[in-house]
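Single chain ahead, by itself, as structure tokens, in the form predicted alone.
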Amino acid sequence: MKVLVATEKPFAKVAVDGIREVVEKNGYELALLEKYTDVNDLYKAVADADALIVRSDKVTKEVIDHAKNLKIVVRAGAGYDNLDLEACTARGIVAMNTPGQNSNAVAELVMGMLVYCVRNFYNGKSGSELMGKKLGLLAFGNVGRNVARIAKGFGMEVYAFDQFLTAKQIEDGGVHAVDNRDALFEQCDIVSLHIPATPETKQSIGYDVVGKMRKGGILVNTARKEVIDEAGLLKLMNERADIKYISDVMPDADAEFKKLEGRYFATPKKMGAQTEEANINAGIAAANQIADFFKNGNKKFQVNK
């Protein structure tokens, strides 16, 4: 049984060592493809792989077509829009993610970017504080719960809306529940996005909904750039000089947003999960899930049906 780790952006060495330990302890062979620049290298490497671990690498139908032995692919991380789920399902391949492994890393980045933002991007001018501000979380999963935990340490009031959770489930998590998405934007000074990119959410955050925010509103995106209606958000920010946007996902219209001096910041590369701890946790979790799948048929984290 061969497990291939294919990472254009490699895992840390300690993560690879941990993956190797899990794989070899279970009697499997580990193969590594790191820092590849040609997709043909991936096609060749995956040809005889029974299992595949990736990070942000795209597992397309073409990759699946070259992987004749593949039975499982695991995205080491929470988001899995880089996996062609339809192609996996058509071939009977189980696709999984590793939810929760990088949640604290993303949450800490949210708060770090927020401090940077409310202090006017450290331009030397007087800023404001987070204490007492109302923070809204759009989705209350693993990342949202970690953001809430840290934000409460800053003395913030935390609110959340999640279409898949009841108000009681949200309030049991220690935050205030609101009735709907629009109410979250209306009630909060800051809204942080933690929704996946799905047909329902793509380009769902734009002119109308962000326009509901109170004066001085801040939108934070550590989710996916596809959830933002960039044209709509730009239009709003050009009309309202009080709105700020900070993102861990550089938008396609980065050059246009940069014209809004003092009101926009984006990391040049997605940094949410870029900590040594998250790197290790997600990689080893992926290896353990593969071993559990082969030995026990466990499909707990399957994302395709």
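Just so it is clear, the model here is predicted, and its values are computed rather than measured. Quick note: we count residues from 1 along the sequence shown, nothing fancier.
Absent from the display: the form predicted together with a small molecule. The rest refers to it.
- The closest heavy atom approach of N102 to the small molecule in the predicted complex falls within 4.5 Å.
- Heavy atoms of A273 reach within 4.5 Å of the small molecule in the predicted complex, making it an interface residue.
- For R20, no non-hydrogen atom is located within 4.5 Å of the small molecule in the predicted complex, even though that partner is not displayed.
- Under a 4.5 angstroms non-hydrogen atom cutoff, the small molecule in the predicted complex lacks K225 among its neighbouring residues.
- For the options N26, S56, T60, T267, the one in contact with the small molecule in the predicted complex, meaning a heavy atom within 4.5 Å, is S56.
- Checked against the small molecule in the predicted complex, the residues I205, A78, L130, V175 give one hit for a heavy atom within 4.5 Å, which is A78.
- The stretch among 166 to 174, 113 to 121, 209 to 217, 68 to 76 whose residues place heavy atoms within 4.5 Å of the small molecule in the predicted complex is 68 to 76.
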